[in-house]
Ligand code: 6AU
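Next comes just one chain, in structure tokens: the form predicted on its own.
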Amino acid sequence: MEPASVWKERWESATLPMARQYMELATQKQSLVCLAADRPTMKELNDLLDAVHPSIVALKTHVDMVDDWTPKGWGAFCKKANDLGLLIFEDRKFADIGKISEKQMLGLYDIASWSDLVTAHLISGPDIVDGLQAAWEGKGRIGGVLLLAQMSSRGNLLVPSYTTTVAEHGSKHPGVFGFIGNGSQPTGISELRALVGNSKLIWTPGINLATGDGAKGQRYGDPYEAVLSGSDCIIVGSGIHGKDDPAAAAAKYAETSWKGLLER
């Protein structure tokens, strides 16, 4: 199965080479799953990756949440993920001016050297994307920025007018890989897709086969519905790593997301 025939308008309109790289990986694995690997130790991260990698396309990390982080251990973990063909997505949610964001990418965790994607808020203006891209360029690497256009947590302040502004600016920027949408609300995903068109991807957290409210303000939506509504990647955390058999859970999310894409 060829990526162009599966992704159609997304493939034809993609403005960032990494977007097509993602679509190729997703087609090869028949999965639209990004694992939110929110585990506190390197052993747990490695064990989880070993178990679920056949069913996922990307790995979402929070490097500063790993209790026993070391440069050597993290480097080996990232190399393993790369060797398995996964994109690494650091969910850092940068929000400062471009110059500071560039320095943060090059700081203690040296995010620019191992991340393929990062998240950012556009609250400080579009120069933040330039700063993040400059950090990757300084390392001789290519990366992509996912702008937060929506969030799935209760009471968040990303109101519709803000979403519209983010979509307008981000759709024009060549360094923007895509947008983070609200996976718990299919109508919101559809509205975001209408704003951004087909040239950028939409990735959605807040996904779980068990829909409804979760802990500490999180809300969950159905993966199949999210993809039908316009999501190009479902970000799943506890729905996989919180299960007794993470590998089986990951396979189920892969099957459901792929079914949604083919039907879309």
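Because the structure is predicted, anything quoted here is derived from the model rather than measured. Start at 1 and count along the sequence shown; that's the residue number.
There is another form of the same protein, the form predicted together with ligand 6AU; it is not shown, and what comes next is about it.
A single residue from the set T163, Q104, Q133, S152 has any heavy atom within 4.5 angstroms of ligand 6AU in the predicted complex; that residue is S152. Checking V236, V227, I202, L59 for any heavy atom within 4.5 Å of ligand 6AU in the predicted complex turns up a single hit: V236. None of the heavy atoms of E44 is located within 4.5 Å of ligand 6AU in the predicted complex. Though the partner is left out of this view, L148 does reach within 4.5 Å of ligand 6AU in the predicted complex, counting heavy atoms only. Not displayed here, ligand 6AU is kept clear of S115 by more than 4.5 Å at the level of heavy atoms in the predicted complex. Ligand 6AU is not shown here, but in the predicted complex it comes within 4.5 Å of a heavy atom of D91. Stretch-level contact analysis of 30 to 38, 192 to 200, 66 to 74, 45 to 53 against ligand 6AU in the predicted complex, using heavy atoms and a 4.5 Å limit, identifies 30 to 38.
In the predicted complex, just one residue of 108 to 140 lies within 4.5 Å of ligand 6AU by at least one heavy atom: T119.
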